[in-house]
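As a starting point, one isolated chain is supplied in structure tokens, in the form predicted on its own.
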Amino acid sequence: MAEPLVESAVWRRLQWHRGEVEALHLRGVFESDPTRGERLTAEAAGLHLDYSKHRLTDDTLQLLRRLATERELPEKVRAMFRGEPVNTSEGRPALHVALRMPRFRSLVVDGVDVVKGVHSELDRMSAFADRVRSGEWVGATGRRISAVVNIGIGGSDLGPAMAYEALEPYASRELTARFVSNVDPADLAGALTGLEPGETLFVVVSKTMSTIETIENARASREWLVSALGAGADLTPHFVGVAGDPEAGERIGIPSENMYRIWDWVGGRTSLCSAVGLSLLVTLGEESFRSLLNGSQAMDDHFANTALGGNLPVICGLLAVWYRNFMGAETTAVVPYSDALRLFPAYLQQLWMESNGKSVTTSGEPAEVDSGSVLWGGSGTNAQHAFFQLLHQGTALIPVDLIGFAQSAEDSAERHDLLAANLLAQAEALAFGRTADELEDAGAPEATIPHRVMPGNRPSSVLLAERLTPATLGALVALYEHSVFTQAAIWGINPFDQWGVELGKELASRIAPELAAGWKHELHHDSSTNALIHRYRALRDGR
């Protein structure tokens, strides 16, 4: 039986070492080590990571790497890439990495070469996308498709929506993409505004084809088409689906030949590179979509084959453990200095918190230490005028990832330089702050000095890439996926299940019919829920 995490010598050493680090300020750390800014960096898959502005020393990094080795991180990485059942509670592998493997590779799991299956499905998807993009695939009225509406929720929405926003400069100008997830009727109504029904293709994404929000939105979409095109119109060319079982689409009127497969070894939050990305493949085209896969695959190879000390995902994951368990940080901020990545923090929220929001270890025992942190953020420079005040002068310690690019998709180098200047300035200000003496020397009014002092010593990572391309986005996605896995390996939890999501779904299915106007039976919830159901009915019915 493995030694309890909190009883290991390296864990206890890290707890003691925290006191050494807490006594240091980044100002003094940089002054005593002029090479720190060049030394504490790493490169992979087109990404440059500067982690020098973190509250740690070389001893910290050495201890964290020892912890990773002791917790068998390298062995767990190999197990995942071999297709072993690392999703222990569901007894299956987590093979999102297989979705990006090149065609010439082979990965046999339970006697099946999953890479061969992945590329077979990808070829089907590409052929379909070509038919839509060329105009060969037409709607019920014979007109070519001009709009693609992705209907899903969770990973079936967050990934495609984020990636489309990020890569819109690469998208076909002849196709509009919309994304619907919320069962709130306003979400679908807004997405359909301005679209021509006869030219609209719906991509319905649900692993089981039973997710209530997705099925309801698909049903409402069909009603919208019937209302516009008539009850006798052939709606078959207006719907394709993505599910675990190709036959599942028939339950909502999508024939199996219009269905694309997502395997049970792909979790929703790591499904972007699967058929869940079909709407991206249609709108971006095969070249860009495969470039996205290649970027993820490059980071996968780096994660699997690079020593811990220079391994970007491992470094990021160990930093997260350091702040969560030893420095008292309960939240993490992610701020991309790219408006195109404004949905990236929301995408990462599911990946980060659904994966590691666990209080039970893989053996079913209570977690020994705090696991997971709250991830939040927004795009810079807007974020600077929203929540950066808290980062600079608040009382909470909040590590932040700042993501930037050296080139802009737009032809405006001067404004892009200003954007980059803000990113670099924030990292500098967070780390070094501003002292009372500096303010006094600058002639600041004495009464304002206490309010204008910036304590600094606030940690940040800077991730830089040349340009936001499909490959760069793929690398970023894989970087955070593997950082999350690294954290889970240290904590001994399963990052691939999400049982906490299921209870709410079950209760909603029970409550939904009880809200109907014709419900006459007694309610059997707690007094609060019963009262809220009665109040909701009364407000809805105007009573």
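Source: prediction; values computed, not measured. Position 1 is the first residue in the sequence shown; the rest follow in order.
The same protein also exists as the form predicted in complex with a small molecule; that form is not shown, yet it is the one meant from here on.
Stretch-level contact check against the small molecule in the predicted bound form with heavy atoms at 4.5 Å: of 202-210, 340-348, 313-321, 283-291, the positive one is 202-210. The small molecule is not shown here, and in the predicted bound form it never comes within 4.5 Å of any heavy atom of G277.
Interface residue remark: V501 is counted as part of the site for the small molecule in the predicted bound form, having a heavy atom within 4.5 Å.
In the predicted bound form, L308 stays away from the small molecule, with no heavy atom inside 4.5 Å. Among heavy atoms of L225, none comes within 4.5 Å of the small molecule in the predicted bound form. Residue-level contacts in the predicted bound form: of R269, R178, H302, H238, one residue has a heavy atom within 4.5 Å of the small molecule, and it is R269. Proximity to the small molecule in the predicted bound form, defined as a heavy atom within 4.5 Å, singles out one entry of P399, G377, G155, G372, which is G155.
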